[in-house]
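Just the one chain here, the form predicted on its own, laid out as structure tokens.
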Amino acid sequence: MVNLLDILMNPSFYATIIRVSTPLLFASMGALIAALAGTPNVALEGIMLFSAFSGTIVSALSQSLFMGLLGGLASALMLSVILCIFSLKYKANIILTAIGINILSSGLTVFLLSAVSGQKGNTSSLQSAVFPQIHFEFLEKLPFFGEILNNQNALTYCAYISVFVVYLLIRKTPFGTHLKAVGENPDAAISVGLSVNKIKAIALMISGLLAGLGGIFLSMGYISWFTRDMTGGRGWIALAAQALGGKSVIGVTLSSLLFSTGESLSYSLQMADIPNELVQSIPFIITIVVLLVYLKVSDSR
């Protein structure tokens, strides 16, 4: 039987939290930027999935890590532009448009997966490049925390850097001020000469690119292949993290870490005598419970 205390005292458990938080941090930061502009990006799941697929395929065909990164980001940008065109230009319901993108990504990746690799489950026959792990000499001397922070994937460090970048973007730049103005009161923003649709479009594209990085990590972070529906609901969990964290970068980051802790715990408990289906459902159970508590607290205010 696995001892829970042993798990909590093991630095590898916390290193796993840092690792699995990578796609959630990217996507939740994207969700935050979109939410601040008043344009909830429910298409995060589909954008992450298509970026994961595109990055792997482009990298495998070109044998280039950089081209794989560009391919993944280009597909994320393409889907974000589609969302902008339909929701902002043609005034379609943004939620329904985003759901359509999610369905499109799920089906199209399966079709293209079979067409390109000849397989229906994954692209293991096509070997793509993988982002490297980074080793810091100075962290070796740091007890416990050094084991947690060192030897993480390059994209993992980028995910935490993105938190600071988003914080600075929102708090310290004119665009951040315009973003909040458009999200809080579009009419007032128009009265001072701001282009509401332009700012919303930029927000959705930034949101999509961040989600795209999360998808690329899933297929090119520690593995070198794409698996059907490999995002596994992370886009939806990122939306939950943003809802829980509100419009605060720190709040959304802590929420993402909370959900990542649940996922990491599910990995550690797989060695215990617990049904595997129950263990794998832990992250989603935590998501539901946290959102129920959040809704209950919100209603009582």
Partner chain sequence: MKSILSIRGVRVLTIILLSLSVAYLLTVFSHIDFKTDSFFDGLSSAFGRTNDAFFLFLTSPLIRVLSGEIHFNMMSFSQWLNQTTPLIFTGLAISLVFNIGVLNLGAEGQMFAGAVAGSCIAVFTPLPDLIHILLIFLVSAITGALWSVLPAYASYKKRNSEILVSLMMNYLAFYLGIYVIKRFIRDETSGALMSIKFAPSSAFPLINERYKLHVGFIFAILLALIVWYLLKKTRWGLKIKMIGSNPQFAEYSGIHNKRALINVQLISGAIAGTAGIFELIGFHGRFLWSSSPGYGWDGIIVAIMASKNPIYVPLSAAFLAYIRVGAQNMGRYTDVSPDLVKIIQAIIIIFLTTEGLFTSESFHPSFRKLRGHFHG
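Being a predicted model, the structure only gives us computed values, none of them experimental. Numbering follows the first chain given and starts at 1. Basically, rigid core = biggest C-alpha set you can superpose within 1.5 Å across the two forms.
Just so it is clear, the following notes concern the form predicted together with the partner chain, a form of the same protein that is not shown.
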Partner-free chain; cross-checking the partner chain in the model of the complex, the single residue of F144, F138, F164, F111 with a heavy atom within 4.5 Å is F111
The partner chain in the model of the complex has a heavy atom of only one listed residue within 4.5 Å, and of L169, L104, M78, M230 that residue is L104
Here the chain appears without its partner; judged in the model of the complex, the stretch of 111-119, 206-214, 182-190, 126-134 with heavy atoms within 4.5 Å of the partner chain is 111-119
| query | So in the model of the complex, are L25, G176 and N197 all sitting within 4.5 Å of the partner chain, heavy atoms only? | reply | no
Check: Does the 4.5 Å heavy atom contact test between T97 and the partner chain in the model of the complex come out positive?
Finding: yes
Examine L265 and determine whether its closest non-hydrogen atom to the partner chain in the model of the complex is within 4.5 angstroms.
no
Worksheet item: Do L295 and the partner chain share at least one heavy atom pair within 4.5 Å in the model of the complex?
Response: yes
For this session: Evaluate I223 for contact with the partner chain in the model of the complex, applying a 4.5 angstroms cut-off between non-hydrogen atoms, and reply yes or no.
Result: no
Q) Superposing on the rigid core, does the Cα of M9 end up 2 Å or more away between this form and the one not shown? A) no
Exercise. Would you tell me if S21 moves between this form and the one not shown by 2 Å or more at its C-alpha, with the rigid core held superposed?
Key: no
A change of 3 Å or more separates this form from the other: in the model of the complex, the C-alpha atoms of G246 and I285 are closer
Against the displayed form, I286 vs G246 by Cα, in the model of the complex, with 3 angstroms or more change: pair is closer
